[in-house]
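Let's start with one chain on its own, the form predicted alone, as structure tokens.
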């Protein structure tokens, strides 16, 4: 059955839109799928409120955007809760059993980052669905890489043009250099400014949590440049802050946005399910 026309409501000047009129627990007809995909390309982040989804629904909706992405961290480092879910659904929660977290990224603030930028082929989209949320905090901030690049100081632009940025991530880390990460890590290098293969627009593709340097520069030379770029990318005018409600499904484009998480009470439960969609090509200049 057709779902009917959707309503797309922008949430900030540069990034984010709420999509109304869609029940993701039902199969999407071709016209609705195309409209959702276009809204996602136009707004980078799309929000669906009041959804009631099974794990099967979550996977089906994710696959409407492409091939399901794989969890990259080694299975030996999986938290125990991962084994209770369908393959390639990640459990993000602070719930503990016998004092140990059952899911990934359990606690506190998380710096801005791009999902899987440390992989050879970073995933293009992330789906995050909220099941339990704390009374306050745990917000997700989304920053537009397009807007940040378009408004970057020309001198900084010249320092990034044609540069390859290096990235490293210890799985589980939320702050650069913290001790939360596992022994497992991923590292790779990609253009510091990438061209989106669908929109043709250029976006900054570095972030505070995972970017470690620029090829062809010493760390001492690259660090102050990157700090200025990070500060610019995270300016409030480029950011949409999402305050979660139970039943929210958010889809964001990892190719042209970064995201972060605010702190929340450690004695209140937060439980999310995450999938990703695989990219079809490596990031390009």
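Worth saying up front: this structure is predicted, and the values here are computed from it rather than measured. Residue numbers count along the first chain shown, from 1.
Unshown form predicted in complex with a small molecule; subsequent notes refer to it.
Contact with the small molecule in the model of the complex, judged as any non-hydrogen atom within 4.5 angstroms, is confined among 117-125, 182-190, 104-112, 81-89 to 104-112. In the model of the complex, the small molecule sits within 4.5 Å of a heavy atom belonging to residue 274. Residue contact check for residue 14: none of its heavy atoms lie within 4.5 Å of the small molecule in the model of the complex. Within 4.5 Å of some heavy atom of the small molecule in the model of the complex lies at least one heavy atom of residue 140. The small molecule is not drawn, but in the model of the complex it has a heavy atom within 4.5 Å of residue 252.
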